[in-house]
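Below you'll find only one chain, the form predicted alone, shown as structure tokens.
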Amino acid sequence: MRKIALLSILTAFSSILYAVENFLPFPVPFGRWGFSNSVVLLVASEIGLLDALIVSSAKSIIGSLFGGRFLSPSFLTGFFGAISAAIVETLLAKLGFGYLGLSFAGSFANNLVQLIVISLLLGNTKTFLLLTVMVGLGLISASANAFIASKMGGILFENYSSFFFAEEKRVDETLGNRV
């Protein structure tokens, strides 16, 4: 029950970030900052794959409903990109990657899958010419997301870990304590 409450709070926060991002200017017309992915990064790194998939799916659906983009091409690219990032980040977290490495890998997976979806929708592979631009901009937002996830994880798990998680962690295993 406590885990459901935690995931609900994180999903709501991520959905709000997703919706607010629609109002932030971005250097290229098709892009987004992706700050809502910081919550998915935190869940993928600290909790697990299924929960990361739930949060990433829910924030994409709820955020796109608020933005009026549900089931549009931008929703589909964002949805599948977020899912792929959650999978990559969770798998690499098990190997001991820190937030920054996870965020870079998740950003790359997200951008690559978005281009695959766009190529399938358009029936054209020329969209992959945008990969270097997307990866370059993704490095900036991935760095910001790693920082946000690190701070958010530290605050969340230091203050509320006994409420949300029954097991005590050793000092070196404190959730949200990796960078």
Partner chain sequence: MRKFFEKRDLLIFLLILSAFGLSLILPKGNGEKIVIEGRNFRKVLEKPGVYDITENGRFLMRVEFNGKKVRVVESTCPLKICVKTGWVGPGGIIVCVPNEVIIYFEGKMDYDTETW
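Positions refer to the first chain, counted from 1. It should be emphasised that the depicted structure is a prediction, and the values quoted were computed from it without experimental measurement.
Not on display, but discussed next: the form predicted together with its partner chain.
**Student:** Is L100 part of the interface with its partner chain in the predicted bound form - any heavy atom within 4.5 Å?
**Tutor:** It does: once its partner chain is placed as it appears in the predicted bound form, L100 has a heavy atom within 4.5 Å of it.
**Student:** Under a 4.5 Å heavy atom criterion, is F104 part of the interface with its partner chain in the predicted bound form?
**Tutor:** Output for F104 is yes: heavy atoms within 4.5 Å of its partner chain.
**Student:** Residue-level question: is F70 within 4.5 Å of its partner chain in the predicted bound form, judged on heavy atoms?
**Tutor:** Result no; F70 lies far from its partner chain in the predicted bound form.
**Student:** Taking 4.5 angstroms as the cut-off for heavy atoms, does F66 touch its partner chain in the predicted bound form?
**Tutor:** No, F66 sits far enough from its partner chain in the predicted bound form that none of its heavy atoms falls within 4.5 Å.
**Student:** Can you work out whether its partner chain is within 4.5 angstroms of a heavy atom in all three of I4, S8 and A19 in the predicted bound form?
**Tutor:** Checked in the predicted bound form: no contact with its partner chain for any of the three.
**Student:** Going by heavy atom distances of 4.5 angstroms or less, which of L120, L49, V135, I62 would be at the interface with its partner chain in the predicted bound form?
**Tutor:** After the contact test, the surviving option is V135.
**Student:** Judged by heavy atom distances of 4.5 Å or less, which residues of 100-130 approach its partner chain in the predicted bound form?
**Tutor:** The stretch touches the partner through L100, G101, L102, F104, A105, F108, L122, N124, T125, K126, T127, L129, L130.
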